[in-house]
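To begin, one chain is listed below as structure tokens, in the form predicted alone.
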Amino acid sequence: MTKYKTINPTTLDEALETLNGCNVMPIAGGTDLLVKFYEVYGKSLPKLVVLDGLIPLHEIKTENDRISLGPLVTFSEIENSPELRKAAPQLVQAASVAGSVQIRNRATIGGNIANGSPSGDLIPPLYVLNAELELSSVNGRRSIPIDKFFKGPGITVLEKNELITSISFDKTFENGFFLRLATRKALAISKVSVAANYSMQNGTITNVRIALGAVAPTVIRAPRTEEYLSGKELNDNVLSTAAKLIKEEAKPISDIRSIADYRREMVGVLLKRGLNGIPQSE
């Protein structure tokens, strides 16, 4: 059995210096990377830069009404965070249905983002939260909106010597939901997912933001559906029209997990299901 060669930095500066070298690969929880490691690298295995020792990157912080998550925060920590349950319910819901208990205890928010999969469960919630990523290297730091981070399936703007060092978004009094469909309730990749953020005022829905996962080369927003819903009362006619619009905005493909027509239809079903669950007095 091949043994991985590892480097174990204890500070961020040390980690960034190491990543500035050749033939190295950062690893957080490893639930995505190790599955495809040999497929990607074959026999030319890079050294793994193990990030577990970077304690500041494990933190969830609130400063000046803005929440910041370190990239090493696990799905389980998101799921069990009282602060995130109030400020980002759609993110908590997404974390709670991913993988299994064992996977959620290892998988990290930074790894889920950096993997660049359009089916990554935490990404649609971060889209509707208008999250911002901090990317760091020995050359400095830069900030980028999450919807500018992805270029295609598994392709991001992250440079080889960069790490995601923070994921942040404004703390608001708005609400939201996340729903997905997969082959099983656990240990399955999403076939389609829908995340939303919204406010309810006098029986009408406002500040609507909707993101779709696994129905395009990257996670996408649904601007036509958002615009249509804004200021509406959520009656049956409105829900049906919104479901029709969002199916038109989805751009799915057929692959080993599902066919395009099913994914497109289920986008509408999930949106209606999520909107139907909103209390009118919320």
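None of the values given here were measured: they were computed from a predicted structure. In case it trips you up, residue 1 is the first one in the sequence shown, and so on.
The form predicted in complex with a small molecule is left out here; the points below concern that form.
No member of the trio 93, 197 and 275 reaches the small molecule in the model of the complex with any non-hydrogen atom inside 4.5 Å. Not displayed here, the small molecule is approached by residue 26 to within 4.5 Å at the level of heavy atoms in the model of the complex. Residue contact with the small molecule in the model of the complex: residue 31 places a heavy atom within 4.5 Å of it. Remark: residue 151 does not count among the residues lining the small molecule in the model of the complex, judged by a heavy atom distance of 4.5 Å or less. Taking the partner from elsewhere, residue 119 is found to have a heavy atom lying within 4.5 Å of the small molecule in the model of the complex. Here the chain stands by itself, but in the model of the complex one stretch of 82-90, 197-205, 111-119, 125-133, 111-119, has heavy atoms within 4.5 Å of the small molecule.
For the options 211, 78, 192, 98, the residue carrying a heavy atom within 4.5 angstroms of the small molecule in the model of the complex is 98.
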